[in-house]
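Take a look at this single chain in structure tokens; it is the form predicted alone.
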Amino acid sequence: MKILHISAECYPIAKVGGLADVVGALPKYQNSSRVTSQVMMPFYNNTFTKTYDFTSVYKGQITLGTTNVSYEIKVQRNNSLGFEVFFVSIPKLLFTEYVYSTNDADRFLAFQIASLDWLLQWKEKPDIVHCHDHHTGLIPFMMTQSYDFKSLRAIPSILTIHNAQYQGWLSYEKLAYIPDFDKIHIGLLDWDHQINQLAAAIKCAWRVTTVSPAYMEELTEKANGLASLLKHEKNKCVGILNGIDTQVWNPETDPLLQKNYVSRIVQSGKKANKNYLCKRFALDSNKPLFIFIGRLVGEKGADLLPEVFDQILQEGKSTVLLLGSGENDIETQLISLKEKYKNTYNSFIGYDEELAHIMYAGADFLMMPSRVEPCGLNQMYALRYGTIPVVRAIGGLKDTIVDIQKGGFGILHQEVLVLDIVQAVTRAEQLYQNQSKFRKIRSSIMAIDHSWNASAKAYINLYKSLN
């Protein structure tokens, strides 16, 4: 069986969020299960493409409205990713230092059309085309409706929704960019009087998946305007929980850590990484360390963090370290706390992969007060590194964390309110004071299996059901 994943992101090539981690791991694990799994993505002007050598395997041309656009397909020489990646190179649109921008309509329309145009040239077509999020949302529509791609109609397509908040809305001025089709089917593109790429994919894909079972249920009630559509299409929808790449995220072998460790020596291993963090960021290493890693946006509950941290730090029982970037107002408020809470609070505005790994290894607790969390990977990374999650009970967080009051290993709060979050942190502080119980939980959570093995098999079974 041959699977082609089409995505805007793929770790370690280009990463903005969890989408990259999924597309960078799922094909690898599928290939280990005797499935040929490949990825198609844009060729960006980033560190990865500057570091490695590439060779051209195809050159073609598409039409974007009235403009002829040349594209090229490149592959990496000496590929060591564990799966083959085909890069769609369109210099004027895709060869950028960023993944997303303000002109994404043209960029990702061209990417999708070029991807299918090249797919027409394949002698051995994939058995499944697996699309990820709205950036590839028109592919199921074009495969089934556009005259140019009629030879691809029999190939099953799957859409995975990583985040339904972003839907790829387009004005009807872009209709001429889409390869010609019978306009009697124009309703497949439409949602709320505009072209909605995610809605089109939900309507046209053979199957629709989300990245956790709970998120699938939540989307039928609230999906930024698409709840009724997902409820209507529920018979072809399924939630499959994401996994993590346990080769990359492994405290025993992680080259980014100050000290590696296994569950048997978790205390000394985590202490070494915690001491490094506390020394680097001038924090008190004798207090429990809470961390937040993520985008500083409302979806993640980050707008409440300045007030939450203020209340926590006033008590003087804990320290807090934050890694992330996002809305300027939130960043400003978080930076301003540094002066007020020296030795108990610090932040790194931006993203640093090495620092993230050390934070997972050195922290005592991870905070995720998300308003929306389709799956969440951070809590799985935390478990792997023996860090106890303090999270909101929603989406994939609800699927992966069991509260200690129910015999579990994490701390859950129900609402995204300052009071609820602070109370959850207080419970974590109380757990920390009971060092016997705290250490027992910390050691046990490292053994929880959230690898891609089970998820990869679930996807393979889904693929097989379509052939």
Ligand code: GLC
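Position 1 is the first residue in the sequence shown; the rest follow in order. Just so it is clear, the structure is predicted and the values come from calculations on it, not from any experiment.
The following text describes the form predicted in complex with the ligand, which does not appear among the structures shown.
S.K.: 274 to 282, 189 to 197, 339 to 347, 375 to 383: which one contacts the ligand in the predicted bound form at 4.5 Å, heavy atom to heavy atom?
M.R.: It is the stretch 375 to 383.
S.K.: Go through His162, Lys270, Arg392, His134 and name the one with a heavy atom inside 4.5 Å of the ligand in the predicted bound form.
M.R.: Spelling it out, the residue with a heavy atom inside the cut-off is His162.
S.K.: Please identify the residue among Ser115, Ser318, Ser157, Asn242 with any heavy atom within 4.5 Å of the ligand in the predicted bound form.
M.R.: After the contact test, the surviving option is Asn242.
S.K.: Could you tell me if Val22 has a non-hydrogen atom within 4.5 Å of the ligand in the predicted bound form?
M.R.: Judged by the heavy-atom cut-off of 4.5 Å, Val22 is in contact with the ligand in the predicted bound form.
S.K.: Check Val211 for me: does it contact the ligand in the predicted bound form (non-hydrogen atoms, 4.5 angstroms)?
M.R.: It does: once the ligand is placed as it appears in the predicted bound form, Val211 has a heavy atom within 4.5 Å of it.
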